[in-house]
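One chain comes next, on its own, written out as C-alpha cells in the form predicted on its own.
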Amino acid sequence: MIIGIDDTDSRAGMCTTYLCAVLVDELNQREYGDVSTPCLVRLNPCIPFKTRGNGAVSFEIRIATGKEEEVKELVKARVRELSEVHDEDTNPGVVFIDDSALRAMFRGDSDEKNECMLKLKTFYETTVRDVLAIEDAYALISELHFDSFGLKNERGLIGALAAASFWVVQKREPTFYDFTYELMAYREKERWGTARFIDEASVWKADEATYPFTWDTVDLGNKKLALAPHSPCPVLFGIRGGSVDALYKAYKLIQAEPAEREMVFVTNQGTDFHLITREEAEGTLHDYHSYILEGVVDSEPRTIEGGHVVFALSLSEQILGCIECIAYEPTKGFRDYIRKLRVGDEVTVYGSFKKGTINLEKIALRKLNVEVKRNPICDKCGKSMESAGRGQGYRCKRCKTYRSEKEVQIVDREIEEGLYEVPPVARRHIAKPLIRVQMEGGINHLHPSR
C-alpha cells in the first residue's frame, strides 16, 4: 500500500514530515510490514495558501495479509491527533493506494497501463508547476479507485495524491525524476516552540567535511547557518544532499539538543522541477507559476524602498512585452550582481511570476553589452565634440572638425557572463543549487554562491 499525506501543519506548529516520521516508526515497531524510506515532495512554491515549504509526504508499506484496514485506521488516528486542525487554513488529506488498486491500474494491455501512469505523472507535475482545485484530486481518486480520508475541506488531498503519484512513478521508473535526499532531525516535544540549541561550530565542521555532497547546511557568504527553521515546528534541523552516507556523516558531527527521532526522505528538493520553460509557457505568463525566460535588459537596475533591486526585461519574441525582475533584500549579495547589469545585456531569468514581476532565483548572463556610444573625440584637440543638432552629426567648435555619428567604445564590465544564484538563506526548497549543476557537468561559466 502507498500512503500520501498533506496539509497537517500550520504556521504556528507541526510539520507533515514529522507526522510521517512518527507513522513510519510506529508502523515498523508494530510490525505491520516493511515500510519504505518516505518521500518528501515540494509542490508549487508560489501557491498563496501554503503554510511554509508546501511539502507533502508519501511512503509504501508491504502489509501483512488482513492488516490493511488496521493500518488505515492507525494512519487516520494519527492524522486526527497530530494535525493542526484548529487552524482555519489546515485541511488534512490522506490517499491510500491499495495493492488491489495498483494491480488494477496495470492490468490489461500496455496502452491502458501507460494511460494510468500518464495520469499520475500529469497530476504530480501539475501540482508542482500549476494550480489545482480539490475537484481535480477527487476526480482522479475516483477514476483510479483509490481510498482517501480528509478533514475539514480536505484540500490536503491534492498534495497527498501528488506525493503518492510521485512514489508510484519512481517505483516503476526509479530515475524518471531527478531527486535528492534530506535527513530531518526532530525535537523532543517539550522543547517545541523554544529556542533551538545547535552548536554553530560543529555545523561548520560538518559542512566542511561533507560539502559538496551535502549543501545549504550553511551560508558561507552571509556567515549564517541554513539548516534550521525559524518556526515553532518540531524540526530541529535538516541536512540536504545527494548521498545518504554524507547526510549521516554530517549528522554525527553536529552537536545539538537531543533529537526525539530522525528520518531520511527521498525528495524532489534541489531539482528546479517547478520551472516552466519558454516553450512550455506558450506565449502566456500566469501568476503563481515559475518560469525560465530569455530577454534583454531594458532599464538600468534601481534600488527601491526596502533594499530590493529591480530592472525591466524586454522578453523575446515568443513572449511579447516587458516585465520587471526583482531581487528582494533577503537575497543579500545576489543583488550586487543585479546592480551591475546594463541596458542591452542578454539574460535568462529564473523565478516565480506575480503581477508582472519575476522574483529572481537565478540569472544567466548570456551576453554582456560592452559597447558604449559616446560623442566622438576631436582628432586635433582631443576634446569631446558637441551635437550640431538633431540628425546633423557632431562638431568641435574650436577645430571645426565634424563626425556624422557617435563613436562606439568598448568598456570593461565588473561582472562576467555565466549563471548566478541566490544564497542558501534565500533559496527555495525546490530550487537547484549551482553546486549540483557543477557536479553534473556540461554547463560552463557557473558562479555558485560559494
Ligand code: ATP
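Residue numbers run from 1 along the displayed sequence. Just so it is clear, the model here is predicted, and its values are computed rather than measured.
The protein also exists as the form predicted in complex with ligand ATP; that form is not presented, and the subsequent description refers to it.
Chemist: Does every residue of Asp9, Thr16 and Thr127 put a non-hydrogen atom within 4.5 angstroms of ligand ATP in the predicted bound form?
Modeler: Judged in the predicted bound form, Asp9, Thr16 and Thr127 all sit within 4.5 Å of ligand ATP.
Chemist: Picking from 157 to 165, 325 to 333, 275 to 283, 74 to 82, which part of the chain touches ligand ATP in the predicted bound form when contact means heavy atoms within 4.5 Å?
Modeler: Selected range: 157 to 165.
Chemist: Just give me the single entry in Ala101, Val131, Val244, Leu220 that has a non-hydrogen atom within 4.5 angstroms of ligand ATP in the predicted bound form.
Modeler: Looking at the other structure, the residue within range turns out to be Val131.
Chemist: Could you work out which of Lys406, Lys383, Arg30, Arg52 is the residue within 4.5 angstroms of ligand ATP in the predicted bound form, going by heavy atoms?
Modeler: Partner contact (heavy atom, 4.5 Å) among the options: Arg52.
Chemist: Just to confirm, Ile47 within 4.5 Å of ligand ATP in the predicted bound form by heavy atoms?
Modeler: Contact with ligand ATP, yes.
Chemist: Test of understanding: in the predicted bound form, would Leu43 fall inside 4.5 Å of ligand ATP by heavy atoms?
Modeler: Yes, Leu43 sits close enough to ligand ATP in the predicted bound form that at least one of its heavy atoms falls within 4.5 Å.
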